[in-house]
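Single chain ahead, written as structure tokens, the form predicted on its own.
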Amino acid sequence: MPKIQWQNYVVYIFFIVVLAFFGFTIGDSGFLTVTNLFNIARTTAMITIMAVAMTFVISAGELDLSVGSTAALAALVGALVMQAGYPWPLAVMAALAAGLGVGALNGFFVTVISIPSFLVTLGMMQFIRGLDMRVTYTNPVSISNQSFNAIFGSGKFYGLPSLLIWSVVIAGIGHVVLKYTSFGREILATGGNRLAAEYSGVKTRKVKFAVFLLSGAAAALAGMLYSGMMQTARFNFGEGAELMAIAAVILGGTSLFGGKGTILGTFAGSLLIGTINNGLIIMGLDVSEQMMVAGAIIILAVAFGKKPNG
């Protein structure tokens, strides 16, 4: 009988424990209401979508620290296109083009120039954030198009928030692609052992370039969801989102060194982070206390999920 590797399920265990803890302690404060649970799903949707793409990037043995600033850039580009009087579908295409452009630049520097992705995307994060500030001189850009706001933010479909639907659909697609397609297998092979993958016929440079494109596109979609939810675009959208996305990925069981990835775990990791933040706010903790407690819980979860040597 095969031995059960409980470390593979630690994110689900912690999620249930955290949910039960908050349910018992602040259940009478509205934590377990449908409205609040939907609120958790809504506020974590952007991180979830970026984390799904980050799972592909990390599984391929790379890292993308530019997703937060790219999300803000896409939000601003889309909002400016709509403000200029163009229809919202064109704004969506422009926003996606901005995200794909950043992803292509990251992929080029990593795969062609051979600069480590940590350094490339760290520099890109700073550059794009500065560009975000420069585009509108830090002024917000309001979005009055109700169709855009409904689809990408405040709307509901059959009683479900559109943000929840977006995150579930993207996570579902990501799960199928990573686990059941040849592209997903090539990503895992590239991250697990690049040389062995190349000897097997995998074009690892193309695979890595593709995951950076996916990351840029996902960041653009997250940016549109930020702006649709807030009905405005701001230069500071996505600040710290890259670290939250990476935390969700690692919490979910994806190896930071590549070769192993799980979208379902990433989705659970994102919900775990969102649940912790929501519960701490309802408990009345100030920002500094929230950061300390949330950080401690994440460290514990990762520590428990680490497989013992040997």
Partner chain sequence: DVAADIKHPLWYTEPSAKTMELAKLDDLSNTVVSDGQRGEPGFPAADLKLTDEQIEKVKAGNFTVAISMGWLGDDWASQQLIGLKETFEKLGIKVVAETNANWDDAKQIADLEAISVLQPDLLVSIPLNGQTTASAYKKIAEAGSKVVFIDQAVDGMEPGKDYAAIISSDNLALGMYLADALHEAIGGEGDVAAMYFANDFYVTNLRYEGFIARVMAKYPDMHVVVAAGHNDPNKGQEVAQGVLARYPSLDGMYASWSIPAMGAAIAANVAGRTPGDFKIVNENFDQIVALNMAQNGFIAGISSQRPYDQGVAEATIGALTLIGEETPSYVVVPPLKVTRDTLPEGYKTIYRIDLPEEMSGALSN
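Computed from a predicted model, the values in this text were never measured in an experiment. Positions refer to the first chain, counted from 1.
Not pictured, yet referred to below: the form predicted in complex with its partner chain.
- Exactly one of the stretches 164-172, 210-218, 85-93, 233-241 approaches its partner chain in the model of the complex with heavy atoms within 4.5 Å, and it is 233-241.
- Among residues of the shown chain, Phe267 is not one whose heavy atoms approach its partner chain to within 4.5 Å in the model of the complex.
- Contact between Phe148 and its partner chain in the model of the complex is not found at the 4.5 Å heavy atom cutoff.
- A residue is said to contact a partner when one of its heavy atoms sits within 4.5 Å of a partner heavy atom; Val287 meets this definition for its partner chain in the model of the complex.
- Among residues of the shown chain, Gly101 is not one whose heavy atoms approach its partner chain to within 4.5 Å in the model of the complex.
- Contacts to its partner chain in the model of the complex (heavy atom within 4.5 Å) from stretch 125-157: Met133, Arg134, Tyr137, Thr138, Asn139, Pro140, Val141, Ser142.
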